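The chain that follows stands alone, in the form predicted on its own, written as structure tokens.
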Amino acid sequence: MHLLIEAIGFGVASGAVLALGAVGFTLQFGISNVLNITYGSLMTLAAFLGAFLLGLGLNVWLVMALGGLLIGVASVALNRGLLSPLIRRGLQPFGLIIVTVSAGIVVQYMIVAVAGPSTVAYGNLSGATLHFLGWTLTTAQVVILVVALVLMVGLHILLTRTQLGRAMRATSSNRTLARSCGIATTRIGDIAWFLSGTFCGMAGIALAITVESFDFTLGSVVLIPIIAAAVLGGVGQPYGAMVGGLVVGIVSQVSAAYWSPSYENVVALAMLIVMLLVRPRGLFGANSSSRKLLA
């Protein structure tokens, strides 16, 4: 029983990172209907940017914020410079997926060209070990949990209590109708890509803080459970991604405790397949464009 409780604690901590990544991933998809596989490489880029900024002597939590903002800008540049022109030329969703996969590989090996293939470590940033509710977490994990919670609450307020949030929800539901109602859908798309990139960057740095070391494959590996979390909650549904991230994190850690840590991604993939078979719309449903693409 004690092992189960500890595994759940670790699952909540890892689930917070996955939820950050999954919310950013699904938020952008909900607005643009582009399955952005470059997302994983942008997480890796954020982790390496974090290492560079830490080398300048900046505080790790300031680095997390700056890294998120920088990746947010990179995300908008990716959309404006590469994807939007292809969409205007009529490239179909499957073609866009291939483009994002290719762009992700390019980003990945640009990182290798600059930083090299060797592993990188942030050093000992874990802080003191805390014990509560039978969980054993480090100070860094607790801070990441709090940061994730604050960001989720902030996103909820943005989507439900502001004019911008209503415009984003309208654009996600029906872009053509939203445009005819006077909503600047192009600007809303830029904002969605920026928020997605910011969540992506912060998740990448948070992940780098919680692992001993990482290399240029960091984002590619974690992209699997992030997509699983997004599909579990319902692609395009930010609230579903929050729940999905926690569920995938907890199930993966419990399976690692009772089975083997080597099979965490296998469990995530199994959850993805089962959800697609049983309920393709996810726990919180998805719009028609999401269902079409998943099919």
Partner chain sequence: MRRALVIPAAGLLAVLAGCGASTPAGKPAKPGPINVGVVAPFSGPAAEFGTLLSAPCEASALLINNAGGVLGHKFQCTPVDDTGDAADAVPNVTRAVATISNFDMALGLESNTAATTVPIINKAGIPFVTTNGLVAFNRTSDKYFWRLTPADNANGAAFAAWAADKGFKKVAVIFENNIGSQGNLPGILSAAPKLGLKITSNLTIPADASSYSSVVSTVLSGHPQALIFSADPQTTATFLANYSQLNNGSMPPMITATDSLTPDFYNAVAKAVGASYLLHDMYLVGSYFSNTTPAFYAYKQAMEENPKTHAIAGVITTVGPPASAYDGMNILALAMLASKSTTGSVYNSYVQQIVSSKPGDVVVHTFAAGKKALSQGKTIQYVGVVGPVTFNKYHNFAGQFAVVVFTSATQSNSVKVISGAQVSQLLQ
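Residue numbers count along the first chain shown, from 1. Here, rigid core means the biggest group of C-alpha atoms that superpose within 1.5 Å across both forms. Quick caveat, the model's predicted, so the values are computed rather than measured.
What follows is about the form predicted in complex with the partner chain, which we do not show.
Contact with the partner chain in the predicted complex, judged as any non-hydrogen atom within 4.5 angstroms, is confined among 149-157, 68-76, 132-140, 196-204 to 132-140. Interface residue remark: residue 190 is not counted as part of the site for the partner chain in the predicted complex, having no heavy atom within 4.5 Å. The closest non-hydrogen atom of residue 10 lies within 4.5 Å of the partner chain in the predicted complex.
In the predicted complex, residue 145 stays away from the partner chain, with no heavy atom inside 4.5 Å. Using a 4.5 angstroms limit between non-hydrogen atoms, residue 260 touches the partner chain in the predicted complex. Along 96-120, residues 109, 117, 118, 119 each place a heavy atom within 4.5 Å of the partner chain in the predicted complex. Comparing the forms between the shown form and the other one, the C-alpha position of residue 263 differs by 2 angstroms or more, with the core used for superposition.
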